[in-house]
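In the form predicted on its own, a lone chain appears below as structure tokens.
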């Protein structure tokens, strides 16, 4: 059995890498971090029109290219290498997958082409002030209002919620409990009664927002009460996607640390010749390569819609979270004093590693989830 990427997939990687290295240098990342929107609309358009990145994972029937999660993982890995500031993860992974998992053919035909073309920036709003990740954490109420629904409540830490023109929202009908009462809804970004508040977070390369819904008109996606299964699958797919993104960042900080260990000279010799630095780099390499194996296998499971997906998604998310954070921290240690400065890029990757570790549940949460899923 051949586990290597195909020539076409490697060409995709190289094409995306050249594009992103040109368009997203660290100076541009730092510039976009300081903006309110957190991304460059011109670059977003180029991503759609020149490379078709927004359409990569969407079926051809809805204006996409119909590639699998393996190709999507490759693209996300390259984005993680450069800390791309763009609403790609929220739009193409969270929102698009949620729509594909629950929406009717007609709803997918209505909503997905805009995502594929780059015209729509979308996101998924599911976390609430209670901080829970399971179905009991969905407390926002959805009340039937004629042919539509009315949403009231608060969503916290919504990725790119400050700029999204389409928001997929998890809510429940009044009086329902557990998973059976959860449904997913589509809300337009300019809907009356929707207010947004940009949040100040540690990692400003990825914008988040607090959304308040006060009688907001919403369209039910799929059937009422069918939202939790679709949301759970979407979150598993997202865990796979962010694992690939994290391993891209982890590989970059490993390369950064190794290069510095070769270049930095102390006592007349490169610091990489010292045993302590060698051991740090070796440990980082082991973790990064193991993380790649976990992320790539999870991508295959997602691409095949394999029964293993829930298990390997949590496994990959837990391991890659630890691997990235450890690599980012060791990179700073190997750089010494300069690694702690604002001017050096090491801290940007450290903050992204920490925010990605927490996003969608940290390693401890996913280990517990993994244990439940395999019956321990």
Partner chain sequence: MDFRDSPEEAAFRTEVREWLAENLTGEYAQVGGGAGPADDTSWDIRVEWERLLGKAGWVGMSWPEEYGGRNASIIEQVIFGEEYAKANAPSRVSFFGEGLFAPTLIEFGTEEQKKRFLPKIQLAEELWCQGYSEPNAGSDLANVQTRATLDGDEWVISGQKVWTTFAHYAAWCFAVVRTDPESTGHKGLSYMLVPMDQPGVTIAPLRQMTGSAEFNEVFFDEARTSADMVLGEVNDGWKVAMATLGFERGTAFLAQQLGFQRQLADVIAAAQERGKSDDPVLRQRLAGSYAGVQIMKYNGLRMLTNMVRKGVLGPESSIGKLYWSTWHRDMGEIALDVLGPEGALAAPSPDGEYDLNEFQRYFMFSRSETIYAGSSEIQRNILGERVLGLPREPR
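Numbering follows the first chain given and starts at 1. Fair warning: this is a prediction, and the values are worked out from it, not measured in the lab.
What comes next is about the form predicted in complex with its partner chain, which does not appear here.
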- Message: To verify the annotation, which of these, 191, 198, 179, 285, has a non-hydrogen atom within 4.5 Å of its partner chain in the predicted complex?
- Response: 285
- Since exactly one of 231, 256, 140, 294 fits, which has a heavy atom within 4.5 Å of its partner chain in the predicted complex? 294
- When you measure heavy atoms, are 274, 319 and 364 every one within 4.5 angstroms of its partner chain in the predicted complex? yes
- Task: Consider residue 210 of the chain shown here, and say whether it contacts its partner chain in the predicted complex, taking contact as heavy atoms within 4.5 Å.
- Result: no
- Could you confirm whether residue 311 comes within 4.5 Å of its partner chain in the predicted complex, counting heavy atoms only? yes
- Though only this chain appears here, would residue 269 touch its partner chain in the predicted complex if you measure heavy atom gaps against 4.5 Å? yes
- Query: Might residue 33 be said to contact its partner chain in the predicted complex, defining contact as any heavy atom within 4.5 Å?
  - Reply: no
- Task: Go through 129-137, 92-100, 286-294, 160-168 and give me the stretch that gets within 4.5 Å of its partner chain in the predicted complex, heavy atoms only.
- Result: 286-294
